[in-house]
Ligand code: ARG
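First comes one chain, alone, set out as structure tokens in the form predicted alone.
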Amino acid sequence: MTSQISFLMCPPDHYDVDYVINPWMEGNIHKSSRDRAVEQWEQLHHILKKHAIVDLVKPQKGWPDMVFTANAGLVLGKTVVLSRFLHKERQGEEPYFKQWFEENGYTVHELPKDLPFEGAGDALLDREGRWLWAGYGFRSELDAHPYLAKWLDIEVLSLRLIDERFYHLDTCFCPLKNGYLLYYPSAFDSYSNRLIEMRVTQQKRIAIAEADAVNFACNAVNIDHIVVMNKTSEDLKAHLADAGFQVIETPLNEFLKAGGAAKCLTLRVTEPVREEVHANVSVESRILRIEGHLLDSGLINRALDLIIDNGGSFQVLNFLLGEQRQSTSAAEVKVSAPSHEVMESIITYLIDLGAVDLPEDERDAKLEAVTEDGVAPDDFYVTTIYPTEVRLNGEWVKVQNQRMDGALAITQTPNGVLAQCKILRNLEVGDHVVVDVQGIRTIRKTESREQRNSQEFSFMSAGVSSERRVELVVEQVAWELRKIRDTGGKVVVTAGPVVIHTGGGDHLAQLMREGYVQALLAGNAIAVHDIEQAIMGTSLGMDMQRGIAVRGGHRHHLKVINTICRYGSIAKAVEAGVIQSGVMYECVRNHIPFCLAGSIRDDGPLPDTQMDLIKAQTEYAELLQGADMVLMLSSMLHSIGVGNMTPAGVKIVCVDINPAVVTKLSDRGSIESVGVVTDVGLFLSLLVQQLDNLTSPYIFKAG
């Protein structure tokens, strides 16, 4: 019995692979057999005519892909949204399809010419008519989806495609009768997969393997309980049979060479309208402004890549290019996202680049009250290392105590409004916390090309340096240290026990003695092994002069802890003459404040070690205030902790033999950070040598 369902097809009179606009066409230029293609098309045509009505549109010479009528447009009832092809190779098809629709009584809607949308190839109706699945990422733009919702009066669910082999939604996604769905999950990003799982129950989701996906099993035509496709595995056929579907296979490998199969070769033109279903779309758009040296710094590329990589779409509305070398540029970018959740994520990243949500004069920050100590409202804004301002009552207010992974707390004080970064445990009832991402901006320092290149020993841009660049990095760090010391700045050192084990303790002590270090952040272990070396000549039981284990040396660190406990503190042991050298000795003698943060593995510990983690974090943060540089020396735990507390603008040098540690610290995003993969003892030795070679003091030049 023939169904009243109708399809539009186009005979393959002019079909060939004439160009490459998708991965399937690669290597197949003019390698498709016209005779086999005609034979396969006619077989599909014959099968469909047995079960449905098939109308034909006349093929046109010069437009070989017209055979793929799924891309003609999207039909619902007697309304059609005409396709806007991305590639010029297909744009000439549009007037011929428009003519067919108008001649057959359809109301035709046309999208703006610069807004790609490729019809039912990227928009598939739920077979129960409840909503429209719409794809984007390769051929269709997200900004087309609100038009679809408006013109077709239907809810639109946006799905992002991430595998270029599956460049159209219908290549990896096929809604079936009774609410079933045949799809290839790996073709979609995580948000889209979550959306699919929310709308289609597990019992009705038929996820296919890659082997079936590359045979275009999802590029199928569903007519009631019949599914027509190119090829399928026995497992998938059995799965579909269990769901009540009969599979009809018909070879279409000649069309696979152009990236299409059964569904691509057909357009369903009888799609019933459900009267109770109405327009709804979750696509959200914002206009952002970003300023700076957008081109030569790569900032605009980073911004646009972030939008795409995080599931959004963009349109550059205005781009004002700086006319002089020192001039900055400005861009206004329309950002679209499939949901508010995704939009928040994208804007959070863009704020870190200095983007401002427009119109800024109408968008104060959103605040919610803290109702329980130590607990932020849902959807609170998470702070970053960059200097931040928050817009309150029409004024931009600078955020105090800048650090990453905190909340923006707003409190009323006798001196006015105070905005500050607070870690969650410090939030108090009465605070108001910024939620969402509007009314927030970060301040990124803008320098001209001349400023960036003027200093011979300007600090390295972010990155991880290998062994072959150690001497260059050391030279630059030495110049920075000399500059900071001679201008009354502050250097904070974070160090692990490896500094002592590798023979770097003496070099670090020398840096302290000569005024290059103003604070030490460490753990119990470095202090224990430093004092062990000073008192007993060993570090973790190893003779530091001969490099061999000492009999009974494994007990030395415990004897040291016991000795310091007898005196009550490291300072008292120094005063008593028990400790006469080393890192901790120099801290005491040169009045360099230190904090030793304890951990569960600590022996003893030393009486100076702060075993209350929260108090230790607070002391770390206090000692970091006003720092110009942080030297992180082979301590993954403490370095990462310090990195989270350190705002942008503070130069960071992370030295570790483990590349994973320096990479993690460099990835924090600050351009003032550099990671050095090398032995920390070697690094400190070279650093001291380089400082000794700098015979003339750094001369600070104002202006």
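Predicted model, so just to flag it, every value in this text is computed and none were measured. We number the residues from 1 along the sequence you see.
If you look for the form predicted in complex with this ligand, you will not find it shown, but the lines that follow are about it.
Out of the listed residues L267, A258, I440, M229, A258 is the one that sits within 4.5 Å of this ligand in the model of the complex by at least one heavy atom. Shown without its partner, this chain lists F117, Y167, F173, W133 as candidates; in the model of the complex, only Y167 has a non-hydrogen atom within 4.5 angstroms of this ligand. The stretch among 70 to 78, 297 to 305, 582 to 590, 568 to 576 whose residues place heavy atoms within 4.5 Å of this ligand in the model of the complex is 70 to 78. Residue contact with this ligand in the model of the complex: Q690 places no heavy atom within 4.5 Å of it.
When contacts are judged by a 4.5 Å heavy atom cut-off, H145 does not count as touching this ligand in the model of the complex. Shown alone here, M25 lies within 4.5 Å of this ligand in the model of the complex, counting heavy atoms only. Though the partner is left out of this view, R403 does not reach within 4.5 Å of this ligand in the model of the complex, counting heavy atoms only. The three residues I21, R90 and G121 all sit with a heavy atom within 4.5 Å of this ligand in the model of the complex. In the model of the complex, R139 is the single residue of 130 to 150 with at least one heavy atom within 4.5 Å of this ligand.
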